[in-house]
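Heads up, what comes next is one protein chain in two forms, each shown on its own as structure tokens, labelled structure 1 and structure 2.
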Structure 1
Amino acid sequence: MATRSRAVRPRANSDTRARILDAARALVARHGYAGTSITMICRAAGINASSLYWFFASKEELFLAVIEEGAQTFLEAVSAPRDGTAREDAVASVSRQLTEHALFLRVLLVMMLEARELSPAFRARMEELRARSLDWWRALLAPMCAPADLDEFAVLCRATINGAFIAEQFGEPVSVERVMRRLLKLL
């Protein structure tokens, strides 16, 4: 479906857009993409379907906006460490952001698991976000790893932290920050 061009909307409508995104985020975290209907989103946001379609041409476009907004906020908060940034500061920052953005990360996980059923453009955007997380790990690990090992260790660290995050969200006695610190100590 072609995306409609949209005019700039008044502030009241930006509040409606925010309610739609909040409702979609909460519902997909609980029910998954396939289990979340436009009707459910509209009911939770307190709007009708025509209001939703004023902002988003499709369910997929809506959830892409949810991912884009969350990714922008999260990735800005955990910007790649720069020269002179202590590893410990980077670890503490990421751990804080994982806690503060847990809902977004749950949504991202759900969407990654269901991405095969979505458009190639949606899958490509998900892959781009995952690539950015590997770039972050590469920047953190570069001073500690041989260049030949950097990509492999970045993938290993990201996968380990993904697993720790899932375990933590499931209520297991795991600390993402402690896992990150131990990973870096091992390296």
Structure 2
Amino acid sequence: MATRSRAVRPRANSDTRARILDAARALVARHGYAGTSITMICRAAGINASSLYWFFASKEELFLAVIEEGAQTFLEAVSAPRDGTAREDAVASVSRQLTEHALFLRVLLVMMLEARELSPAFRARMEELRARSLDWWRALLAPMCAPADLDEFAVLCRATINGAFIAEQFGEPVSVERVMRRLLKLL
């Protein structure tokens, strides 16, 4: 429930803001949205609640910022595979990014499941990310499959990697990269 609306204009030691975001991301990835309290975040970030509320108007706005920032850096890192790039490189690169941004991706998953009537902004951001993921697969698959099958294959591949990511995160001996290579060999 945002009461005051204010443009955040951080200054000097505004790495505080970044530390809050980091703490929030890590904690929500492990405990879920409802399971992560403001107090926990503050303790992890080494500040107290009033500082947090200076940067973010509410818990919801804080996590909107987590998604926003995470989406931005993730999308920057995982750009569409260049035409020149070898397929092998694209696979290695993207699976590296997945583990590097695992915390953020877990946050996304948690929020997708633990939907709890969040603001439409959340939903919109997630839909955009999922659409981008589909695009990435379409670009990768385009040269090697019939146009009629493209969409369905992209959906299938994205689903597979999502599932493999979850298995990996759950601690099973599953490698996203390995699954990804297997899958591409099939197509």
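Structure 1 provides the reference sequence; residues are numbered from 1 along it. In this text the structure is predicted, and so the values were computed from the model without any measurement. In this text, the rigid core denotes the largest set of C-alpha atoms whose superposition between the two forms falls within 1.5 Å.
Between the two chain copies, the one drawn from the form predicted together with a further copy of the same chain is structure 2. Core-superposed comparison between structures 1 and 2: Phe55 shows a Cα shift of 2.6 Å.
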